[in-house]
Every structure is written in structure tokens, then in C-alpha cells.
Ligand SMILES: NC(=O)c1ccc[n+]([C@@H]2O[C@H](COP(=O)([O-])OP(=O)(O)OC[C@H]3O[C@@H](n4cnc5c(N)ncnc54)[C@H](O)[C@@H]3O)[C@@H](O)[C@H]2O)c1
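Next up is one chain by itself, shown in C-alpha cells, the form predicted on its own.
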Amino acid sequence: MPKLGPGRLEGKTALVTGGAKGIGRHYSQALAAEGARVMIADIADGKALTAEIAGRHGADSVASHKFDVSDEKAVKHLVAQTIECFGQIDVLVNNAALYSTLTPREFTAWDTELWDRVMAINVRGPYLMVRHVAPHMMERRSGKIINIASGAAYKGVPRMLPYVTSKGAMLAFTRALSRELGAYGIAVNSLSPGYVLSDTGLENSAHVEDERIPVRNSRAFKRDAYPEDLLGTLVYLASSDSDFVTGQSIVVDGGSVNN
């Protein structure tokens, strides 16, 4: 039966890629607040966030590891370190992605090197994580894999073709993988945020003002979205509350995709 209330992830270990900054930082904090032990994995340094979470939830509640999600050797090392540190991996959040530093442009203006880099991080990265995490879940016949997709894949946002394509791939990846892992009791779902005002997005995004007002006007709820708006759905997908949910994508965007 689902465990209701605070501490829904007690005894669980969650691995969050891109978990040190931006929306990923909020994911890491929310999972820890629900009782999970969290491995923060990011190309950015996660030591400050690790110290913050340890101060709130105890030194044994969190660790961090600096890595490149597109590098298979680095992924294998991360997974081994997580198992060594916490003994298991119950929840994988495939959050790391290349987005906020991309400059919008016409479809003919994306050079192949940048296109390949987006795909390496946003598509190959989640695959490599699953390739090396899922066998541990399969042995235990349980687990939750949460792929962070995007409402942009439903709307076909222009001038961001490689990013939107990569997030569309995550939707298909989720559906296919859920069929392969269902026999092992592993749930595979996507969380698809709308346009969210995160700290890294506001600092780095070249397209904040171009998108913010039009997206807000397209929503049923006429307001900006913030990382906190995603956390209830994330915890739901990570917890036993969603044990009979798999192969799905939950869009959290204030109703923009419906318009």
C-alpha cells in the first residue's frame, strides 16, 4: 500500500543527474525532505548543496559526484560510487540536459557539432544512466525511473529544434523502456515541465523574455511557473503512490499544452 504523508521515501536512495543547480537542485532537496538518501550528480560542483542538505537531514542523507552524463566511463563510476555509498538505487531522475545556454535560431543555423552535443547530453545521457542503473533495480525487482522531458515536445516550440527533438525522444524512450522493465516491477515515467523560471534559467537563458509572457498567456493558470510547482509530481512518481503508473508523461505547465 502507498505510504502517505511526509517521509514517503524513507529507506530509499535517489540518484539525480543535473541535481546541483537549477531545477535539479530543487529535485534533490525535495527528495531528501521526503526521507530519501540523495546522490547529487552533476557536471557542476554539488558540494554546497550537499552541505546544505546534510545540515537539514544528516550527514548520511546525501553525497555528490561530479561527472559528465554523456561519458559512459563517468556514468559507470558514478553508479558504482552510489552503490558503494548507499548500497542501492531505488529512484533515478534523468534531469541533466543542455538547454539554458542554447541561443534560439532558425533550423538551418544549428551546426552539427552543437546538435550532436545536445543529443549526447539530453538523449545518450539518460540512456547511459538507465543502462547502468537499471540492472541494479532489476536484481531487486523494483525501482522508479523518472525522465525529465518537456512540454515543448508537445507544442513544437520553434527555433529550439535540437532541444525539442531531444525531449520528444525522451517521451518515446519512456514508453519503450516501460515495456521492457515492467516485468521487473520497475516504473518508468516522464515529468514534462512547461517553461519554468529557475535560477540558472534566469541567469543563462538567452530567451527568457521572448518566451515568458507568451507562455504565461497560453496557460489556463495565468502565472509564471517555478521549480516548486514540479515537486509534488516528482515525489509522486518517485514514491509508492505511483506503483501502478508506468509509461506515462505528466505535463506540469499550468495548462499550456491543452491550448
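One rule holds for the numbers: they count along the sequence shown, beginning at 1. This is a predicted model, so every value here is computed, not measured.
Keep in mind that the form predicted in complex with the named molecule is not shown, yet the notes after this line are about it.
When contacts are defined as a non-hydrogen atom within 4.5 Å, none of V79, G143 and G185 contacts the named molecule in the model of the complex. Contact annotation: of the candidates A63, A30, V196, L49, the single residue with a non-hydrogen atom within 4.5 angstroms of the named molecule in the model of the complex is V196. When you look in the model of the complex, the only residue of A96, V118, M137, V130 with a non-hydrogen atom within 4.5 Å of the named molecule is A96. When the named molecule is considered in the model of the complex, S100 lines it closely, a heavy atom lying within 4.5 Å. In the model of the complex, E34 stays away from the named molecule, with no heavy atom inside 4.5 Å. Proximity of I23 to the named molecule in the model of the complex falls within the 4.5 Å heavy atom cutoff. In the model of the complex, M39 stays away from the named molecule, with no heavy atom inside 4.5 Å. The stretch from 104 to 112, 177 to 185, 81 to 89, 68 to 76 that comes within 4.5 Å of the named molecule in the model of the complex, counting heavy atoms only, is 68 to 76.
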